[in-house]
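Below you will find one chain, with nothing else, as structure tokens; this is the form predicted on its own, and questions on how it binds or moves follow later.
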């Protein structure tokens, strides 16, 4: 056989192999994903396992910034140009774009038993099965415990109020020359839990949204005052406008913040970035006259109804939702399980970091004390309207563009206007 013939034969075999490989993966799915830490690695490992068992389906994991999930993904979904699956946090607000997988699932009872209370978050006006929680989250504060110890200041204990903590963190910052005593995520969701603790009802007696009341005003006024007296840094919230989200996780990780109001999803990132550089300590949600509560929430992986492959998407979701696969995913990423069986039976977390384990226990232990108002708000399909109005107008007041009274008035107007527009759109 001549070299020329060998070359042609080798090329033909290679081409045949490529054609066979392409033919085997008859269905190509795309999953839009964002990371809090590095959980896409754990998801990719599960997708690789799925593809090995299902060679006729390939899945591309598109990892995007969280901002793209909030701002770009809704536009894509509205245009019918979204992915087959997506990881989302606006659980009910995007529900009209979700696929009801019920006709394609082999065991719907497993889904209802395992994810029951959270399925309602994804289907506020029905009983569809559209996805599962990639993690259950609880909002709450972290403190730099090391700074408290260095300053000789005692941390407020259980039952402490936000005012108690404000006094304590200012004392620590003053003694050690720390630039930011307290930082919060610039997020309406993050503000809502403490507002509910102050007595905010969020809804009227008929169940209609009613954002502004005495409880919300009380918490918003505290945040306004803290920005004026230096407890919180205007430079953070003032660096963006509108409803734009901004976290202070990097400032906290760099020991520039004494207390950081965020949530349980930061645990894997802090375990990786901070490690044992200092004691980052989760503390219970500070109390108000009505409750000691944060907000529940989290992220969900959902199927998108415009997919051309509903059966394959549902098959993938059933694989990912298997208890052993979710146990692996939650455990690797230090996430509070959004699966009832695993929440009861426990998950083996891949960490020996006492700070991470303490944080997981603190946030998981906070779930029973979450106010029913907070659960109702999280399950409300248009909660994003309320969150956006709250944070955008409060932000304008903090930087001096509105008075607080004007901000409260605009919040109400914004919610009414946005809900009316949504109603017209429907």
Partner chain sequence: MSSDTKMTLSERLQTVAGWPLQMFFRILDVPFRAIQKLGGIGPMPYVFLLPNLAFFGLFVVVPLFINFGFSLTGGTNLFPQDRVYVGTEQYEFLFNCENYADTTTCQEDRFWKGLFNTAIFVFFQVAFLVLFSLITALVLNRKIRARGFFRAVFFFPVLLSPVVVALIWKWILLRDGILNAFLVSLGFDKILFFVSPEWAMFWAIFVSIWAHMGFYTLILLAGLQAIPPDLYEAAEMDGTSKERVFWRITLPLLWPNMLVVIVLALIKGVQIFDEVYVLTGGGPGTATQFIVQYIYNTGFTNQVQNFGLASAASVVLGVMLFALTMMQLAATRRRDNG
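Quick caveat, the model's predicted, so the values are computed rather than measured. Numbering follows the first chain given and starts at 1.
Here the subject shifts to the form predicted together with the partner chain, a form of this protein not shown in this document.
Residue contact check for residue 35: none of its heavy atoms lie within 4.5 Å of the partner chain in the predicted complex.
Interface residue remark: residue 241 is counted as part of the site for the partner chain in the predicted complex, having a heavy atom within 4.5 Å. Within this chain, residue 392 lines the site of the partner chain in the predicted complex, having a heavy atom no more than 4.5 Å away.
Taking the partner from the other structure, the partner chain in the predicted complex has no heavy atom within 4.5 Å of any heavy atom of residue 156. Site residues 79, 385 and 388 are all in contact with the partner chain in the predicted complex, judged by any heavy atom within 4.5 Å. With the partner omitted from this view, the residue of 381, 63, 43, 370 that lies near the partner chain in the predicted complex is 381 [heavy atom within 4.5 Å]. Checked against the partner chain in the predicted complex, the residues 343, 75, 176, 350 give one hit for a heavy atom within 4.5 Å, which is 75. In plain terms, the part of the chain that comes close to the partner chain in the predicted complex, with a heavy atom within 4.5 Å, is 63-71 out of 27-35, 63-71, 353-361, 48-56. Contacts with the partner chain in the predicted complex, taken as any heavy atom within 4.5 Å, map within 212-234 to 234 alone.
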